[in-house]
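Before any questions on binding or motion, here is one chain by itself as structure tokens, the form predicted on its own.
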């Protein structure tokens, strides 16, 4: 049993922090059920209601998944519902819920630029992997992604390994490297297609593209992915739900 500290933080927030620490330490693997509320209440020496509130707050942020009659499970990017549409913001204009097909363009090892180092909280010149892929809807290119990853977290990354994985990119990171993406910050602006992006996206040079820059974070608010996507809007749009 762990003792909670005398602090001004609400008790359920302290319990939440302990559960999150256990998740980060890998005590329960992605997709695995966590102990019951009664067991956790005994472990932390708190009421079941306090545990329930802590679990609900983690479920609201997609770290846990509650299943009626089955229990509470560690969220995973390998589940279709979680992996396909939680982080996907480019949708078809016709409303069809299609997950795009990913085509790997290239993977190389590089040194972190000053900007990438700042966004990924590493040192300038640290080794990184730079992955490029095209996402296609109905066989038509829609997004050109450039993904920068700290090499220290993705040892053993190869083009063949990446191309062979059948699921989502975040499922690949989680399953193959144990890196879970929990949340992301994005910013958007418009740019004109240069020769390279125009060729890969099959649009004329100068075509307006939506540029989406994303920094994804794992436990402890640690940045682990820098993604820059160039998106056409001929058949697609950027979608977000504000609550």
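Residue numbers count along the first chain shown, from 1. Treat the numbers as computed from the prediction; the structure is a model and nothing was measured.
FYI, the form predicted in complex with another copy of the chain isn't displayed, but the following is about it.
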Exercise for review: Go through 46, 34, 198, 184 and name the one with a heavy atom inside 4.5 Å of another copy of the chain in the model of the complex.
Suggested key: 184
Check your understanding: Which pick from 204, 208, 178, 26 sits with a heavy atom within 4.5 Å of another copy of the chain in the model of the complex?
Key -> 208
Review point. Does residue 41 make contact with another copy of the chain in the model of the complex, using a 4.5 Å heavy atom cut-off?
Key: no
Review point. Quick one: does residue 188 come within 4.5 Å of another copy of the chain in the model of the complex, counting heavy atoms only?
Key: yes
Exercise for review: Would you please decide whether residue 129 lies within 4.5 angstroms of another copy of the chain in the model of the complex, comparing each non-hydrogen atom pair?
Suggested key: no
Review point. Using heavy atoms and a 4.5 Å limit, would one call residue 93 a contact residue for another copy of the chain in the model of the complex?
Key: yes
Review point. What residues, if any, in 213 to 234 have a non-hydrogen atom within 4.5 angstroms of another copy of the chain in the model of the complex?
Key: 214, 233
